[in-house]
Ligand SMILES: NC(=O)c1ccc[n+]([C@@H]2O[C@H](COP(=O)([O-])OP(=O)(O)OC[C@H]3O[C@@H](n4cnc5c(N)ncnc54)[C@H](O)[C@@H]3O)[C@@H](O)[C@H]2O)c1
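Single chain ahead, written as structure tokens, the form predicted on its own.
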Amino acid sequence: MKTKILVTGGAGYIGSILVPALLNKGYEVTVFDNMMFQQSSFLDCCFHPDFHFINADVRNTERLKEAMKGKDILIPLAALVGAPLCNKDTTSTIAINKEAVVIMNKFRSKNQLVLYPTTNSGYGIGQEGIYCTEETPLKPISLYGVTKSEAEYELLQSENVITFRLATVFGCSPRMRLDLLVNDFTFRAFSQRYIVLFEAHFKRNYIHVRDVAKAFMFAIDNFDRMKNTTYNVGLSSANLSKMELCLEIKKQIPDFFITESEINSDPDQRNYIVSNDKIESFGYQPDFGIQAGITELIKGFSILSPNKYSNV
């Protein structure tokens, strides 16, 4: 019998990479997504006999409960992602990012495994020079960080759960996003050749979208020895300030002009560095560095129409 996986929000930025990877490994995958961005990520998966799609919203509890039946693994990706989108619709953010996850957890059987992505933006404002580990208290700044952290807490009160505190994700995906920091800064360098930075010294960690998918696959293969806890997932070589990130981009786009402003402040005030030692101790290692991601993005920006690829 094939392992059956339900991925809510599976047509999003991460799911559009993860779902084909799961199919290629021989899993039977059902995607549950309301297609709010009119994306068409999975037209090339429709031929696959083990691919199934349900066009529905996770706030529809009855449809969600029905979709969960008979599944071995649940991957709740459905979320309103990022501070601007969450602030635009706070009611939906709470319902989708937290309440739908709690409902899924309530109605799943004890034997159904859960792999849940949250965000290391939950660390908020860190201490200079001190790495955030999985033991560091969460101090989320944004509604997005709060709802994801609260959903993670609820899940970790249960058994057969693994959660990932993802670094800021980058790279190309069939459901592309340009509002993620590496993607955004690289697009500005590619299209405008300049950027004005606020709080250029603020740091955070980064991870390629394909390495996020790899983390899910790795956790499925190693579930019993990794279960019932959380893991930071990021590039240990990429705890970078905004200025350092821009200088990495400038290596490939030399005429990229970078300047700083002391007048305004960044609406996203998170500032931290992160240790990924815990998941690496189990044998997980990312495949894509920052420079490889920038190369990929530059290729992608020659193809896409930018006004389609943002969450707000």
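All of these numbers come straight from a predicted model, not from anything done at the bench. We number the residues from 1 along the sequence you see.
Just so you know, the form predicted together with the ligand exists too; it's not on screen, but the next bit is about it.
- When the ligand is considered in the predicted bound form, residue 242 lies well away from it, no heavy atom lying within 4.5 Å.
- The closest non-hydrogen atom of residue 34 lies within 4.5 Å of the ligand in the predicted bound form.
- Contact check for residue 138: no non-hydrogen atom falls within 4.5 Å of the ligand in the predicted bound form.
- Interface membership of residue 144, defined by any non-hydrogen atom within 4.5 Å of the ligand in the predicted bound form, is confirmed.
- This chain is drawn without the ligand; in the predicted bound form, the residue among 230, 149, 160, 168 with a heavy atom within 4.5 Å of it is 168.
- Contact with the ligand in the predicted bound form, defined as a heavy atom within 4.5 Å, holds for exactly one of 104, 189, 238, 79, namely 79.
- Contact check for 112, 114 and 215: none of the three has a heavy atom within 4.5 Å of the ligand in the predicted bound form.
- The candidate stretches are 222 to 230, 193 to 201, 177 to 185, 126 to 134, and the one lying within 4.5 Å of the ligand in the predicted bound form by heavy atoms is 177 to 185.
- Residues 39, 56 are the members of 38 to 56 with a non-hydrogen atom no more than 4.5 angstroms from the ligand in the predicted bound form.
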